[in-house]
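Below you will find one chain, with nothing else, as structure tokens; this is the form predicted alone, and questions on how it binds or moves follow later.
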């Protein structure tokens, strides 16, 4: 029997990590918080893929490695496979998860430093604040994907798109 951690523990750690980096460590510099959260995810992905591929032969091409991420790696992390994989066959892959587990429990505090004066004076709306807070939670899984692929010898950039929560798309662009 393998070692497993309760999902609620992982959820709590991720939520607290994002909160700590966004509200305490880098409260005035969200781009630094995002970079640090992504770097932590990169280390996690780099180490996890090492564990999950230790007895597998190296992958022959990018598509084979991405398919492994979508099926086996995602199943180990989230107990389900990626729902959809699209590619343009030129180094861009879109991994679609229609119910991304880490976004199903994210809630936004309605008192997030938004008052009527700030709403009138700038473009900060509750929806923008909610989207920004949710996007901060996606830097960690983007880092996990980038770290895993990097360890497989595929340098890439990973970004996330949330258009309809809790669905999420991860865009992987392989560097030439």
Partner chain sequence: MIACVAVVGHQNNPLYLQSFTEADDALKLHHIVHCSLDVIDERVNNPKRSVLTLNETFLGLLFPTESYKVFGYLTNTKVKFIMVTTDLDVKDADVRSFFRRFHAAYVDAVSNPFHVPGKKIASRIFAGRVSGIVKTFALGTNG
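Note that the structure is a prediction, hence the values are computed from the model and not measured. Residue numbers count along the first chain shown, from 1.
Beyond the structure shown, there is the form predicted together with its partner chain, which is absent from this document and is the topic of what follows.
Student: From the list 18, 168, 152, 156, which entry has a heavy atom within 4.5 Å of its partner chain in the model of the complex?
Tutor: Looking at the other structure, the residue within range turns out to be 152.
Student: Find the only residue in 49, 142, 37, 70 having a heavy atom within 4.5 Å of its partner chain in the model of the complex.
Tutor: If I apply the 4.5 Å criterion carefully, the residue I get is 49.
Student: Report whether the minimum heavy atom distance between residue 135 and its partner chain in the model of the complex is within 4.5 Å.
Tutor: No, residue 135 sits far enough from its partner chain in the model of the complex that none of its heavy atoms falls within 4.5 Å.
Student: Can residue 59 be called a contact residue for its partner chain in the model of the complex at 4.5 Å between heavy atoms?
Tutor: Residue 59 belongs to the contact set for its partner chain.
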